[in-house]
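First comes one chain, alone, set out as structure tokens in the form predicted on its own.
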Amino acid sequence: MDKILALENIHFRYSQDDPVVLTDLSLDIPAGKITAILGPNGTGKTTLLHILLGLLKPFEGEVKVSGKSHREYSKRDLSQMIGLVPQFESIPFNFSVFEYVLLGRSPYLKPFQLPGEEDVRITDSALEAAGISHLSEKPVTEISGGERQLVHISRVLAQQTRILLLDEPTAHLDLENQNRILKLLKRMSSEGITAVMTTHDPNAAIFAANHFVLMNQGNIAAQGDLSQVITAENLSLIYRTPIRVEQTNGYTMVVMDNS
């Protein structure tokens, strides 16, 4: 497996007085694929993404990007390589969609430098790729949740990173917008972008991903392809409820076992 990100023996807690969130966690993320990190709420999925991004530092262990330690990169270098789509983001100013997506060009600008024509062109292309050019002049505060999630993804597209981290990208969205976002991720993956998405929804993961990670109480319970990870035994253990994995017309589906 050609890995682009690696966590090696990671231990993390938020302060010396807090409980350990991640314990001796090791994980390889394959290049050019969509990796889905599944697990119940509170198992450390978001913390893991923030460590991959470099927002959080483990108190033990090593984070590597393309075979090199995080410590060998500047913050500017990492921000040109890895982008994050958060689950929630407070936007303090009344940006238009275009202005907000243009912020994705910040890692390429010097302090106090204004965006140029090339930055504007890249921003327009990012909006077009996400199918939201028609929202360009609308205030971000006046669009729907699904549209706002596409705007967040557009900002990372404008950032032109090869690694995309997404924290619960389909949470709280209706089925139409879930479908739009997952299809966009699959298209980006086909163009060589590596995506890592957290989710508590196995069916969303199955739809989009081709590499799967199950987390349980701050560690990795299983990782690999669909048949290795998405099993009734694994999911029932992790989610602490009876679950079935069924095959329907060639598709894998996860359902609650109410029998």
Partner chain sequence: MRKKEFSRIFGLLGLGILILLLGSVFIGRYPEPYWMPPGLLSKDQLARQLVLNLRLPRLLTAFLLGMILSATGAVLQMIFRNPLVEPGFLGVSQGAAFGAAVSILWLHRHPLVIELSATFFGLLALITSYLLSTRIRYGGWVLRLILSGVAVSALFSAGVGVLKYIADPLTELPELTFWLLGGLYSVTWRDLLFVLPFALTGIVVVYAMRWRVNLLSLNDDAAFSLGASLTRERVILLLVTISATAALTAISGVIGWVGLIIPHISRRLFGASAEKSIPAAMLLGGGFTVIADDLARTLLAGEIPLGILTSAIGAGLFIYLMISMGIKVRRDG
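Every value quoted in this text rests on a predicted model; they were computed, and no experiment measured them. Numbering follows the first chain given and starts at 1.
Although not depicted, the form predicted in complex with the partner chain is the subject of the following passage.
Heavy atoms within 4.5 Å of the partner chain in the predicted complex map, among the stretches 224 to 232, 34 to 42, 51 to 59, 201 to 209, onto 51 to 59 alone. In the predicted complex, none of the heavy atoms of residue 151 sits within 4.5 Å of a heavy atom of the partner chain.
For the chain shown alone, residue 175 is not a contact residue for the partner chain in the predicted complex, no non-hydrogen atom being within 4.5 angstroms. The partner chain in the predicted complex comes within 4.5 Å of a heavy atom belonging to residue 159. Contact check for residue 115: a heavy atom falls within 4.5 Å of the partner chain in the predicted complex. A heavy atom within 4.5 Å of the partner chain in the predicted complex is found for exactly one of 106, 189, 179, 125: 106. If you take 133 to 161 and check each residue for a heavy atom within 4.5 Å of the partner chain in the predicted complex, you get 136, 137, 141, 142, 148, 155, 159, in sequence order.
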